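Okay, here we've got a single chain as C-alpha cells, the form predicted alone, with questions on binding and movement later.
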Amino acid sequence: MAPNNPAPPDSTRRSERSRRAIYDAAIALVVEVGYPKTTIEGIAARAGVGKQTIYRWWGSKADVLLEAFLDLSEQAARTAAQEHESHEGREGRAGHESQGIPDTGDLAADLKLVLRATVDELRDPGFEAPSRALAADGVVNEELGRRFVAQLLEPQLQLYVDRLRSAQETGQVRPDIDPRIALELFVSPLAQRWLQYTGPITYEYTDTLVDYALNGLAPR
C-alpha cells in the first residue's frame, strides 16, 4: 500500500490570498497616508509579501491601487445587488440580474434604483475613504487622474449611456439628446455634493435629480 503523501500546496489559492492581502494593504495605506506617500515597499510590508511578488503582478503602485479599487467597487456593487434582491425579491425581472443598469421599461425608476445604490456606496466608510483619497490625489496627479477616469469612472458612465440609448429607442428620451451629456445632469451634481460636502447625500436627493433631469425645470 502506497504511503499517504500530503497534498501539495495549492498555489492558486495561495496566490489569491496574497493578491487579496495586497488589495487590502493598498486601500488601507492610501486612506491612511495618501497616494503620494503610499509605496510598493509599504504595501508589501503591510500585506506580508515580498516586493518581488507585487512587481511580478503589477508595474507600478498606480496599477495596484486602481485594480484594488476596482475590486472594491465590484464587491460593493455585488453587495448592493444582493441586498436589493433580498429586499425586493426576484420578481422575474432580468434587468436586476445583470451588472448594468436595469431596463424594466421605466427609465426614472431604473435610474433612481442605481443612484440609490450609489448613495449607499458613498456613505459606506469602507468605500468612501479610499474613494476620496484617490479622487483627491487624482486632481493633483494628472496621470493617476486620467487612469482613474479611464479605468474606473468611464466604464460606469457607459452603463448610463447604454440605458439612455435604450430609452431613446423606446421613445422615452428625445432622439437628438446626447446621452453622454445628459447623464451628467444627475451624476455630476451627486459627485460634486459628495466631494465638496455641499449637502447631504440621500435617496431623496438623487430621486429629485432624476426628476429634474427627465422633466426639466420649465413649466409644463
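For every residue, the number given is its place in the sequence shown, counted from 1. Please read all numbers here as calculations on a predicted model, not as lab measurements.
The same protein also has a form predicted together with another copy of the chain, omitted here; what follows describes it.
Contact annotation: residue 136 falls within 4.5 Å of another copy of the chain in the predicted complex, judged by heavy atom distances. Among residues of the shown chain, residue 123 is not one whose heavy atoms approach another copy of the chain to within 4.5 Å in the predicted complex. For residue 41, no non-hydrogen atom is located within 4.5 Å of another copy of the chain in the predicted complex, even though that partner is not displayed. In the predicted complex, another copy of the chain sits within 4.5 Å of a heavy atom of residue 145. Not one of 115, 160 and 165 is positioned with any heavy atom within 4.5 Å of another copy of the chain in the predicted complex. Residues of 194 to 208 lying near another copy of the chain in the predicted complex, listed in sequence order, are 195, 196, 197, 198, 205, 208, the criterion being any heavy atom within 4.5 Å.
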